[in-house]
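Only one chain comes next, encoded as structure tokens, the form predicted on its own.
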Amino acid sequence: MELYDVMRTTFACREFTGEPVPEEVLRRIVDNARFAPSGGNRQGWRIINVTDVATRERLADLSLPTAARYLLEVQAGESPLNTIHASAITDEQVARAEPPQWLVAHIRKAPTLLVVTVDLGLVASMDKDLDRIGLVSGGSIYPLAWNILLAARNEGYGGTMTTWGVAAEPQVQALLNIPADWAVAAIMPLGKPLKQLTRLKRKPVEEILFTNRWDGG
């Protein structure tokens, strides 16, 4: 596929035909995705291909509490899980909520499931002393994760970056024997899309590109 076609048609795929990504295709996807940039070109990443069914089930279970909170906050009209505005949803409400199994079904049923991790000992976090949530560290792992999805699209497959399970990172680390100083960046279902979207909705350039100042003035 042409590069721009891949970029414009790579969507968050959560429904799959059941056909797994063949080993040679997965290796080709990662072989190309690994050319993503990272801070200092340290490439402090490792990808775990989870094939064990019980482990997949546990990853889905660990994702449920955050998925439940996300859904409750959306239903309350909030911007879910943001770090600026406090949520009115309590832990007790989350605990009482019916587990939204449908929100994590793609983790359970994905033909291929990857867990993308990054070595925090190799990440330069230039914003670590700012009084806000850190973002810069993601620049050393999410280009790789997105490259995986772009490469998968180019191969006729699809997937999405799920982060529900990151809230339960210690349990995920224990489940997969991930060292404590390696962060879980994404749990990524991959497979052959049940349907391929080609018309994605995005803001126009005029709403996101400005000159010199925040307001373009």
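Quick caveat: nothing in here was measured; it's all calculated off a predicted structure. In this text, residue numbers run from 1 along the sequence as written.
The same protein also exists as the form predicted together with a small molecule; that form is not shown, yet it is the one meant from here on.
S.K.: If the cut-off is 4.5 angstroms on heavy atoms, which of these, Leu150, Met161, Ala167, Ile47, is the one near the small molecule in the predicted bound form?
M.R.: In short, Met161.
S.K.: Should Arg202 be classed as touching the small molecule in the predicted bound form when contacts are defined as heavy atoms within 4.5 Å?
M.R.: Residue-level check for Arg202: yes, a contact with the small molecule.
S.K.: Decide whether Leu209 counts as a contact residue for the small molecule in the predicted bound form under a heavy atom distance cut-off of 4.5 Å.
M.R.: Contact with the small molecule, no.
S.K.: I'd like to know whether Leu194 contacts the small molecule in the predicted bound form, with contact meaning heavy atoms within 4.5 angstroms.
M.R.: Although the small molecule is absent here, Leu194 would stay clear of it in the predicted bound form, with no heavy atoms inside 4.5 Å.
S.K.: Of these, 22 to 30, 153 to 161, 176 to 184, 47 to 55, which stretch puts a heavy atom within 4.5 angstroms of the small molecule in the predicted bound form?
M.R.: Stretch 153 to 161 is the one.
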